[in-house]
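Consider the single chain below, provided in structure tokens and representing the form predicted on its own.
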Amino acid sequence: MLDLVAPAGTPVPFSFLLKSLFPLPDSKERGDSFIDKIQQEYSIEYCYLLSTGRGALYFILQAAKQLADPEKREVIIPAYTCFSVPSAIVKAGLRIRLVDIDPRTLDYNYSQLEGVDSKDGLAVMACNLFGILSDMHKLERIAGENQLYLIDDAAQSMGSRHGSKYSGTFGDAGIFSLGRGKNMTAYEGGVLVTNNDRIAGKIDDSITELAKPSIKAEIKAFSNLLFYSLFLRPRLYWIPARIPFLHLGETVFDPDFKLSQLSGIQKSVSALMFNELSGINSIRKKNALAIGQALIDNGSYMIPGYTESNCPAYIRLPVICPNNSWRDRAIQKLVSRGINATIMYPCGIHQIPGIREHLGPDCGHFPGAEMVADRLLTIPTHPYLKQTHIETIISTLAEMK
């Protein structure tokens, strides 16, 4: 069977899983270790660990909602981003205000953002898609001028920096994701960080009330991590890739997600993985540079956010093809040669079935988001990508016409 390189992921050493079994799963020390590392490295006062990144976002939004005037109920987000973002907004009982994106950066179209009527605005989000950092200086200014909370969603950019300040630590609060395809992973999980005393005051009681993971949940967390650690490897990834009920790579709009604390097993693994984050991000950058420059030189492709001098730590390398047919044929060729290239999100946020009732005004047509959804393919950058894989990717995409 042909090796198959997973579209995204972060290797979890088996030794980390063994270490996660000690101390016992209900030990408080393991969570404290990870929290301490986050607080010290990122200069953060308050840090909370949850079972998902969207759960972390939900608690931030709930806190902001409680602190704001009653009419402030809209959250401004890009029209192309992870479906978990609108899921958390709807679960928090808020409305979604969409702004189109610039396909060259996958960040906001800032001329459009500047013109948004924010009289009902509660917050604006930086989404840092694929690890491409949003323009935080512009967002800080816009948030300040319009009295909006600024939420720094670093689910896909953990460990990246604007100068000396880490992504996720700007604005009023931020989140990181520990999901399977993120910069570092505990299979799933979320981290909520803030230096805002008022937001933390609202969050403290809510998170404390969440039930602690049961022994059954701890066993499931360990089993998931063990399965993931084994089958992310190219020699074995074809097995889970052929199991439909695993729904690998799918993204869904689901406001009914459950809220819980992060398991002890996952806290331990996260504390160990955090030590590896910088090295893993360096590998992602190196792989992205090798592929990205070749594709830029080819002339047929656009890589959002790419610069040779300051290459992002892409969790996947986003490649915009000349048209939809080209994109689909390229994915088929790459998969046939052992590279599991994929699309990312299948549509803009405004095109998600059932979401219309949750959208604010001016949510009709977003050409930037629609073009990206139609023409984007993503390429793995993780540490299991080797030089032979890189050469296959470059030669395959060079063949396309």
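Heads up: residue numbers just count along the shown sequence, starting at 1. Predicted model only: the values in this text are computed from it and were never measured.
FYI, the form predicted in complex with a small molecule isn't displayed, but the following is about it.
J.: I have R54, V85 and K182 flagged as a candidate spot, so tell me whether each of them has a non-hydrogen atom within 4.5 Å of the small molecule in the model of the complex.
T.: Each of the three qualifies.
J.: Classify V269 as contacting or not contacting the small molecule in the model of the complex by the rule of any non-hydrogen atom within 4.5 angstroms, answering yes or no.
T.: No, no contact at 4.5 Å.
J.: Is Q156 one of the residues lying within 4.5 Å of the small molecule in the model of the complex, judged by heavy atom distances?
T.: Within the cut-off, so yes.
J.: Please check if C127 has a heavy atom lying within 4.5 Å of any heavy atom of the small molecule in the model of the complex.
T.: Because a heavy atom of C127 falls inside 4.5 Å of the small molecule in the model of the complex, the answer is yes.
J.: According to a 4.5 angstroms non-hydrogen atom cut-off, is G189 in contact with the small molecule in the model of the complex?
T.: Yes - in the model of the complex, heavy atoms of G189 and the small molecule come within 4.5 Å of each other.
J.: What is the one choice in I175, L317, I101, V75 with a heavy atom within 4.5 Å of the small molecule in the model of the complex?
T.: Among I175, L317, I101, V75, a heavy atom within 4.5 Å of the small molecule in the model of the complex occurs only for I175.
J.: Name the single residue among S167, N287, T81, S134 that comes within 4.5 Å of the small molecule in the model of the complex, judging by heavy atoms.
T.: Exactly one residue meets the criterion: T81.
J.: Heavy atoms within 4.5 Å of the small molecule in the model of the complex: which stretch among 203-211, 147-155, 291-299, 105-113?
T.: Heavy-atom contact with the partner occurs in 147-155.
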